[in-house]
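Before any questions on binding or motion, here is one chain by itself as structure tokens, the form predicted on its own.
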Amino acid sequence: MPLGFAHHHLLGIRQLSRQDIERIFEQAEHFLPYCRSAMYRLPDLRGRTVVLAFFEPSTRTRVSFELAARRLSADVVSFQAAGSSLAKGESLLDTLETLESMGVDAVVVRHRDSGVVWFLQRFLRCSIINAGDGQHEHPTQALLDGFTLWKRFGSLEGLRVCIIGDILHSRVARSNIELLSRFGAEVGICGPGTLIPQQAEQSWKVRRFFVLEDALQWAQAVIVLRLQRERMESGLIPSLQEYHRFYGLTRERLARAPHLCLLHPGPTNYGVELTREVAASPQSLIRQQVHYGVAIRMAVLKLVVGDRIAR
């Protein structure tokens, strides 16, 4: 594997070339045997400090980043906005500049505002890794989704993937569309018209499905999204029951598409976008996604932070 990685930050998928993404996949593959147990500690980030600065709730992303950094022997600081100087009126930039002055090598940021990581990278010298910014991007989720599909199918070229659900509010959808298109996959979208961005087909060059059953028959894999009710205006859907009736993935619908595998970035609203039976079915790759998430985030930290320091 060649040395060096060109990027000081990971802000979005768009900044990465196909070669960059393949490099991350190769590094994640190398790390897979080491990401299950604390018995394995690799020295790649020994003596380095990674701050987890999450200003929105998170379980999978935050914990997997923490595990990834610890597996690489980094010191990890979990910054809590509640009780910090932010509550006294200090700005986000001042807070992170203060942390950087304490000797931080990387900050993993999740924030409700789109574009905040692009703003921060103009002022901070440490590496910034985007763990989700508003409705804009979630690059490591797309990387682990792409890696999961790559492991399952052996290639993303020509793979038919449909993203189902609340695409309007989804940073996961935007990052996945960018990554999958980069590798020559055919991407479809399916959901209520009120939850699909205007001009999505033209802007993203994706295929639009109006009926879920049509999407399931066309696709080889689906990425099912949760309804982001915390970002929604009222009236976008009649009710949760109505949404599930038309767009929920059920055992019966899955049985009519036995060729299909499914992913979900979590957390899951059971009985809305899918059922527990579907999530636990042999066609589900949800557990694999979670497992691969640690390896992908180890790879990102190693390449963005470790290789930069080595240079």
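Counting begins at 1, following the sequence as shown. Since this is a predicted model, take the numbers as computed values, not measurements.
One more form of this protein exists, namely the form predicted in complex with phosphoric acid mono(formamide)ester; it is left out here, but the text below deals with it.
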Original post:
Which one, 239-247, 25-33, 60-68, 38-46, holds residues whose non-hydrogen atoms are within 4.5 Å of phosphoric acid mono(formamide)ester in the predicted bound form?
Top reply: 60-68
Original post:
For this chain shown on its own, do H9, G12 and S127 all sit within 4.5 Å of phosphoric acid mono(formamide)ester in the predicted bound form, going by heavy atoms?
Top reply: no
**OP:** Indicate whether S170 is a 4.5 Å heavy atom neighbour of phosphoric acid mono(formamide)ester in the predicted bound form.
**Re:** no
**OP:** Verify the contact flag for N176: yes if a non-hydrogen atom of it lies within 4.5 Å of a non-hydrogen atom of phosphoric acid mono(formamide)ester in the predicted bound form, no if not.
**Re:** no
Original post:
Is there a heavy atom of R110 lying 4.5 Å or less from a heavy atom of phosphoric acid mono(formamide)ester in the predicted bound form?
Top reply: yes
**OP:** Output the sequence-ordered list of residues from 262-296 with at least one heavy atom within 4.5 Å of phosphoric acid mono(formamide)ester in the predicted bound form.
**Re:** P265, G266, P267
